[in-house]
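The form predicted on its own is given below as one chain in structure tokens.
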């Protein structure tokens, strides 16, 4: 986590980002700075645009209006070829892990290194896989198949795969979804440790308020297509603002009723 006494420069800046999907205005002018080295948690209602926001940060979507900056580059102005080196600096942990069932654990973890090439030898790849699996507390598990693993172990393998290339920026989409509280806590601790050991900036989309408190340096709430508030976890989770309070405490109002 970042030192609260310092103000690192942003690694990502979103400026007035707008996106329309069909007739729905999903993002309506998002402004957000993600500081180098911090863990930024993004919360908000289901279907509110959090995954769309992640795709803009990854460069998988382009804004209809506004800018998405990665360091000193506006990604909307880059060609697909120019995006390649930026994507190599980014890792992504998908909600379901997205492991390849036809590959062993070791082959799954090695996949980014083989895909990116860069002339790395098989000997070095094996060494990096061993290191990555050790970091996520799964030593000597490389020969197993994903089907042999529990949900928590599969999530750890996916995290090792996402982190093996030591990205500057790691994105997490609901990393604790579907996990019991004890396994979820181990994933939270692992995300914090990985960020510290690999000097990564992390962006975590989650509905899990326990995870948000444990992992985040700051929390940003996406509401009605805009960033409604950004602050430290203690401030957000203790907020008396009715919109924030209802979300973090899981309190519905009349408009949420389902019949």
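Positions refer to the first chain, counted from 1. Bear in mind that the values here come from a model prediction, so they are computed numbers and not experimental data.
The same protein also has a form predicted together with a small molecule, omitted here; what follows describes it.
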Notebook entry, point to check: Which residue among 21, 15, 243, 235 has a heavy atom within 4.5 angstroms of the small molecule in the predicted bound form?
Noted result: 21
Item checked: Answer option from 56, 35, 218, 50, heavy atom within 4.5 Å of the small molecule in the predicted bound form -> 50
Margin query: Using a 4.5 Å heavy atom cut-off, which of 227-235, 40-48, 65-73, 194-202 contacts the small molecule in the predicted bound form?
Written below: 40-48
Notebook entry, point to check: Do residue 61 and the small molecule come within 4.5 Å of each other in the predicted bound form, heavy atoms counted?
Noted result: yes
Check: Though only this chain appears here, would residue 26 touch the small molecule in the predicted bound form if you measure heavy atom gaps against 4.5 Å?
Finding: yes
